[in-house]
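Presented as structure tokens, the chain that follows is alone, the form predicted alone.
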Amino acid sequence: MFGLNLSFFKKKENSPAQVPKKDLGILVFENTSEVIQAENFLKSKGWQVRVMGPPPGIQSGCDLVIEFPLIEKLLLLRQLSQAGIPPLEMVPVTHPLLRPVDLFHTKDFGEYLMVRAANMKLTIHKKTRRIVNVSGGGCPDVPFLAQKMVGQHLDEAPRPGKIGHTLCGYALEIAHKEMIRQCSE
């Protein structure tokens, strides 16, 4: 008769909209070589980082940035500085225009599948998984990379990151890894 409604004091379950988002930051470097060095260094130390395209609001540095959990900022910056690869700038992602952009775009042409990473495109024949085209970029090693990879099975082609030495080689390596990931699903 005098029952109290205590639902007011019940702990609320977190809905997806209430789950706090992880704050992110991006590291801006002078050139692609520094981004690749920093990525390799950070991953070798167990950091969970991701190479992305720079957001439209960032006008300095190269065509790539490294996204990281902002809470780790001080330790991460200290380790990069000690390794001799400090970034030009560290930017907290506080606005949608500062959010880095995904490097991948996938296009399905029916029999063929194309993955683009940054400015490099890798296309395979879906049934045979043979590489039918490598294009994009303006780096001097793109014709060499295309010559080595076109006609090869996706899993047996040389790794562009091992035989290329430019931003295009790096981007093609990312596209190659993404294509392998998509084909294994």
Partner chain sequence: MLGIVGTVPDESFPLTCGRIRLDEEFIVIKGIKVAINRGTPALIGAAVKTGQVLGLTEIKGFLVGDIGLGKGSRALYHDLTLTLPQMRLDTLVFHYLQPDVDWHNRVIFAVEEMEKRPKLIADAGFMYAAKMSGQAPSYDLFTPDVGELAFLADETAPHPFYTRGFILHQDNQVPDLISRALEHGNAAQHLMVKGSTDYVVCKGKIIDCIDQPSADAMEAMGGTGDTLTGILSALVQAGFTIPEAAKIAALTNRLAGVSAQPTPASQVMDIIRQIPRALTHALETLKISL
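Residue numbers count along the first chain shown, from 1. As the structure is a prediction and not an experimental result, all values here were calculated from the model.
Another form, the form predicted together with its partner chain, is not on view; read the next lines as being about it.
With a 4.5 Å cutoff on heavy atoms, residue 46 does not count as touching its partner chain in the model of the complex; it lies far away. Not displayed here, its partner chain is approached by residue 141 to within 4.5 Å at the level of heavy atoms in the model of the complex. Using a 4.5 angstroms threshold between heavy atoms, residue 152 stays clear of its partner chain in the model of the complex. When its partner chain is considered in the model of the complex, residue 132 lines it closely, a heavy atom lying within 4.5 Å. In the model of the complex, every residue of the candidate spot (100, 146 and 165) has a heavy atom lying within 4.5 Å of its partner chain. Shown without its partner, the chain has 31, 33, 52, 53, 54 in segment 31 to 58 as residues with a non-hydrogen atom within 4.5 angstroms of its partner chain in the model of the complex. In comparison with the shown form, the Cα-Cα distance of residue 143 and residue 37 decreases by at least 3 angstroms in the model of the complex. Legend note: Cα of residue 104 to Cα of residue 52 is at least 3 Å farther in the model of the complex than in the depicted form.
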